[in-house]
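Single chain ahead, written as structure tokens, the form predicted alone.
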């Protein structure tokens, strides 16, 4: 039986279905019988799963312990050294030579098992949940509690470089899929006693561990309360990735713009916490969610804070121009060649006309075809293995574009314009933010192919109005540009030297009762 299948079998719902009602789940009424009954029940509920190990240890006369764990979820080396060896080799002699006023089990829990993270549970459901999260259950006959010793030891991916947020300068390490490593990497960079970590479990079947991280006194209480409320309202059977819960956190899930920033970089999370944001880490995924998010968070890259401000300012303007080209270049080309040719220089118009001569399709249809082919090649490059993905994208683009032009299906200027729009979209640092512009490009192209420049103007007004009305946990999406905050504008399209940037990490006691608003940047600038 697989781990997930075993998990489902052990869910509380299945327990209730099998007749183990909550009142019967209480170990106070179970362990008083004997550990044979416990072993039988666990085997019955799990279908006698092969990966569950039951080990009995004779500690003293008439004192028997039952040890239960799931192979593959427990570090067997630690189990042998810290539990089995002390119990099997040292336990019996120690038990006979020492005074045990409160019984064998208490002697084991307090003096024999050298595990840092242990806890007592008094329900069968608690024991099962512990087994499924890498704990070893130690159950003694005649006692009313069971001991859970944490010894999680499943395979873990090492800390590697971020694949979605590479940087030329600055830190390169990224999160892995282990929640404990995620919180440790954040604490390593943010050695602040105000850093708070709250644990939650989401997913009726997966029971995924979720951690909420924030700086006490820096994060806004209203945003923190809203995060708690939205996470509690999530009803999912399983959560295998942070993106499962991302859409539950967004104010407008149907908007093309992401309202939750996601990152794989510890430095970005640490900087965001200093700005008053709240991080949500999910076990089993390297992605950490940050709220609230603004438009400029998707526009800025971590590299912006590891290079000279003059260079960063230039790059941001280039990025802003490319961002607009990615959405408006192809529609403007279609509008000018199809509806407003009189606005083009004569030589350029003659060139376009000569290139399009013989093409069986109108320009707008050519543009749609090439945009779809471009997106298809990009998707193929992402899905294929790395060794062939880039080759397929490059060769496919060159071959398909050249063949289409030579066959007279599309004109060469259309291929060039669509390729330039695609390249411009690659300059957007955040993947999900760039995806929104890929969607909007088709919307603008449709209006441009229908009514020309009037359609582009209309689409611009619609997009801008939507951006101005969009909120992320109550924070305007276009802040600090709208509503305007002059101090924060020093870190939007320009990046002023750090000495001129506003102080972001302001302790609550230094400014009691102050209304803080999260900054727009994605990394620390203090």
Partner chain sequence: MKVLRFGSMTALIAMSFLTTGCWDRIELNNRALVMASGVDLKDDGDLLLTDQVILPINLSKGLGTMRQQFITVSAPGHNILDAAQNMQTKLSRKYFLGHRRIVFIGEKLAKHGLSGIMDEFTRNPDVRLRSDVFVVENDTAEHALHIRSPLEQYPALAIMKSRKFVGGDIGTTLLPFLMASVHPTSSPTLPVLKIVPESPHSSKTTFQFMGRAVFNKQLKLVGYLDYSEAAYRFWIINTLSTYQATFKVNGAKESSPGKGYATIDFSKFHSRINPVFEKGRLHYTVTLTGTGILRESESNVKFASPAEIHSVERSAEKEIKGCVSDLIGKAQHQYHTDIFGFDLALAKKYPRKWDTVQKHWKQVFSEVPVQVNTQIKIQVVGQTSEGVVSPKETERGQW
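Positions refer to the first chain, counted from 1. Since the model is a prediction, treat every value here as computed from it, not as a measurement.
If you look for the form predicted together with its partner chain, you will not find it shown, but the lines that follow are about it.
*Asks:* Between the options 437, 244, 299, 352, which residue brings a heavy atom to within 4.5 Å of its partner chain in the model of the complex?
*Replies:* By the 4.5 Å criterion, the partner-contacting residue is 352.
*Asks:* Could you tell me which one of 171, 72, 341, 376 places a heavy atom within 4.5 Å of its partner chain in the model of the complex?
*Replies:* Residue within 4.5 Å of the partner: 341.
*Asks:* Is residue 363 close enough to its partner chain in the model of the complex to count, meaning some heavy atom within 4.5 Å?
*Replies:* Yes - in the model of the complex, heavy atoms of residue 363 and its partner chain come within 4.5 Å of each other.
*Asks:* Residue 120 near its partner chain in the model of the complex, any heavy atom under 4.5 Å?
*Replies:* It does not: once its partner chain is placed as it appears in the model of the complex, residue 120 has no heavy atom within 4.5 Å of it.
*Asks:* How about residue 158: is it within 4.5 Å of its partner chain in the model of the complex, going by heavy atoms?
*Replies:* Looking in the model of the complex, residue contacts with its partner chain do not include residue 158, since no heavy atom lies within 4.5 Å.
*Asks:* Even though the partner isn't displayed, in the model of the complex is residue 356 close enough to its partner chain, meaning a heavy atom within 4.5 Å?
*Replies:* So residue 356 counts as contacting its partner chain.
*Asks:* What stretch, of 288 to 296, 344 to 352, 368 to 376, 255 to 263, brings heavy atoms to within 4.5 Å of its partner chain in the model of the complex?
*Replies:* Looking at the other structure, the answer is 344 to 352.
*Asks:* Just to make sure I understand: among 163 to 178, which residues lie within 4.5 Å of its partner chain in the model of the complex, judging by heavy atoms?
*Replies:* The stretch does not touch the partner at all.
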